[in-house]
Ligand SMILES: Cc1cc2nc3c(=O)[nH]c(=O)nc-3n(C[C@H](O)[C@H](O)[C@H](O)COP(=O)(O)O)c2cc1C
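In the form predicted on its own, a lone chain appears below as structure tokens.
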């Protein structure tokens, strides 16, 4: 088991930084990695990969429209192809990781949790074994007060090199565990 796909949406660069750190970690862990923005993979067959990593920023406790579009389009397609089954039985060697970047100026991590859970459910309905929900703090671009006086304190520059090193390490450990 060694092929993986990272799908992400990033408007400000936060989620892209995390996606690239995951890519580096998975490769160091021995996996072959394909990385694409969500608008490049609307028709990608997720079942062609052993591990699918799916990353999104958080916008008012929701994923952005591009992520909703991907999920809705693929839910419909996989249902019509009879890939979704009652009780969502897990498929051997089909794994997923969901990751979210968030600023959480109002409620902290609680703003991100609904997005992670929503993304997770998409993969669980398909029968993928979701190996984790990763939540990474990201600077609130374009609103300094949101990055300095929010619930998380001063988050300017996040995800920073230390954050990304930890993401890379976790991804390497994930790759080696599969």
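In this text, all values refer to a predicted model and were calculated from it rather than measured experimentally. Residue numbers count along the first chain shown, from 1.
The protein also exists as the form predicted together with the named molecule; that form is not presented, and the subsequent description refers to it.
Single option in 35, 66, 59, 130 placed near the named molecule in the predicted complex, where near means a heavy atom within 4.5 Å: Contact with the named molecule in the predicted complex is made by 59 alone.
Full three-residue contact with the named molecule in the predicted complex, heavy atom 4.5 Å, for 54, 95 and 116: Zero of three within 4.5 Å in the predicted complex.
Stretch in contact, per heavy atom within 4.5 angstroms of the named molecule in the predicted complex, of 43 to 51, 66 to 74, 135 to 143, 122 to 130: In the other structure, the partner sits against 135 to 143.
Residue 11 within 4.5 Å of the named molecule in the predicted complex, heavy atoms: Heavy-atom contact with the named molecule at 4.5 Å: present for residue 11.
Contact flag, residue 15 vs the named molecule in the predicted complex, heavy atom cut 4.5 Å: Yes, residue 15 sits close enough to the named molecule in the predicted complex that at least one of its heavy atoms falls within 4.5 Å.
Within 4.5 Å of the named molecule in the predicted complex: residues from 101 to 123 (heavy atom criterion): Heavy-atom contacts within 4.5 Å come from 101, 102, 103, 104, 105, 111.
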